[in-house]
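Given as structure tokens, the chain that follows is alone and in the form predicted on its own.
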């Protein structure tokens, strides 16, 4: 709690006691102030004959937003029993404040005989019902004191206003804090940070699905508590680091503890999760000679002569390395690297590798040797002038698959914690890292990707049943197709493709997603669908008939979140312009298709479940086509589809970005995006065509983080609005906050406790808390 004490009286807050203690001249000792013991039951006795006494009730602690009412009864149970008017301590009264409760009439007789009293007290906060204060709480809250003598009475009178001043000072000080400010004080804090009090409320219109702000009937407006809660976003120093954002959303504590932050009012104390595990970009490079093809030939020859590592121990290779203008120490390191590579890999005389790839491969070889394995990897392809984007720069090699026995042996050896540790510290560190990261079974990782990954080989791509492609660059099967030479000023076609394992083939993500969805679909007892080849699919698209409006199948498709295509001609024309590898078509099982066309509700549920499986496998779009003969086609893609757009995810699942790097004076223009693009050389020389691509597999993009909630947690519109404003407040420049999952699965629009998908059209229909302030409008905030 905010410390709002104002220490105006030093360590002892009692005003009367301070006045008595500070009397000077002939007055010290002339005023007597005695504290009367108060029992926990409320009984007290002034057991001496006092002179002109005043009985006061004194606070023993500071009050905050509470009112304390004390009632004193004189001579309880006696013949002169009297209940005196109550003594009231207003909110923010300070410790030491006192109010006179009883002043016996001493005008004729200054001496007053001993008397007894009983005390009762109650406290109340705002408009809540008062509660009695009893027992130890009573004696901790108040005490009784008697001030005697005319001078004592006079001192009390002249000092009484000081109690009120101290209370007012404490109240003013408290109202400057967000925790205690109310009414106009809260509005002034809001004006300071540019956040106005709401005079409207968010409502959802079920008929239209819209969310809008409805003005409250005057004089109603946003309550102080809710307003202060919103202002809390802006009344603190906030550096939007991941830790600070987590603390803001969830408050302190472990992930297993209830939310204690700005969203402590979530059902079950749910906590938010921040995801920052990015999908990595894939890269591929293709060399294109602009003009004379000799530019490319010369560059590759120089590359082999001056840069690449030639592992084979042959006189030509040794001569090449010895002729490089490098320090002797570096030459010795390369010689040692070549020798080490030859212990674990079988190279041909002409094989060459990029130095980073050679180093990564050598780490894997040293790990195998440290594990005691005698496995020698057969390299079947390395740098190849005619090998295309994967091989021409020496950025990848092909090696044979390990046999199941070899893979099992490696796995068993790395998991053997009793093995003898070798002197190769690098290899031992990599073994420990692999063990910590987890070693999958041979059935799920036959190419032992766990070994390559921990050693720096980021790509393990299966290219046939016997060979796999390894590279230290992340490629994920990406390859660029382009001619090796192009005429200056002439356009040439360039294409990038994510090949599925066992390439050449279709898009890796699309095929893998469909295969996983098919397994999950049939695993629930559903009949399998039929995949179509690209040629067969285009033939079937062309035969899809035009349908009239109002057929039952349209409602079923809409219930599953899919568009209804009644005029297929323009859609098919647009589909035919898409790259084959980015689109796959399946034919739904006959029984399901017939039920869909008949408009059966159960079929809609089955189709919705199928769409959910495709979404979960990171496909971006699905487009149904109702064919003749009670057949239904489903076109699936990792990019947006005509009339469907990106209806399974918030964004397309894959994309490409193109760059060119001029070498030897060569330059070229290239269209920046798309799987297929056009390259136009503008100056003679050599051009490196670079394709940078991504595949969304459920992880976040670079410069993005995702906010998630546990399944089943639903936000009210007010909580959703608060969350969006909070994320706006903490969003660093250049970083995107992905709230797609929140908007899709965690907003309760109709207050029934269950979340409904928030349509994109209303996803940003929330009130912005903080407004820009302009000259002349400050007072309106």
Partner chain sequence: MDRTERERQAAQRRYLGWGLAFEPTMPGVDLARDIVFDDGPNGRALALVEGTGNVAQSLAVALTTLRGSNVFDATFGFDGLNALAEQIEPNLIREQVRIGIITLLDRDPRVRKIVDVNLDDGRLGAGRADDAAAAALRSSRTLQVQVQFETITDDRLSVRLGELPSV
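In this text the structure is predicted, and so the values were computed from the model without any measurement. Residue numbers count along the first chain shown, from 1.
Another form, the form predicted together with the partner chain, is not on view; read the next lines as being about it.
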### Query
Wondering, does residue 771 line up within 4.5 Å of the partner chain in the predicted bound form on heavy atoms?
no
#### Entry: Residue contact check: residue 27 to the partner chain in the predicted bound form, 4.5 Å heavy atom
yes
### Message
So, residue 149 and the partner chain: in the predicted bound form, are they within 4.5 Å at any heavy atom pair?
### Response
yes
### Query
Looking in the predicted bound form, any heavy atom of residue 154 within 4.5 Å of the partner chain?
yes
#### Entry: Residue (of 744, 729, 52, 33) lying close to the partner chain in the predicted bound form, criterion heavy atoms within 4.5 Å
52
### Task
Go through 107, 127, 423, 207 and name the one with a heavy atom inside 4.5 Å of the partner chain in the predicted bound form.
107
### Query
Since the chain is shown here on its own, which stretch among 44-52, 746-754, 716-724, 733-741 would lie within 4.5 Å of the partner chain in the predicted bound form, judged by heavy atoms?
44-52
### Query
Taking heavy atoms and a 4.5 Å limit, what residues of 171-185 are near the partner chain in the predicted bound form?
none
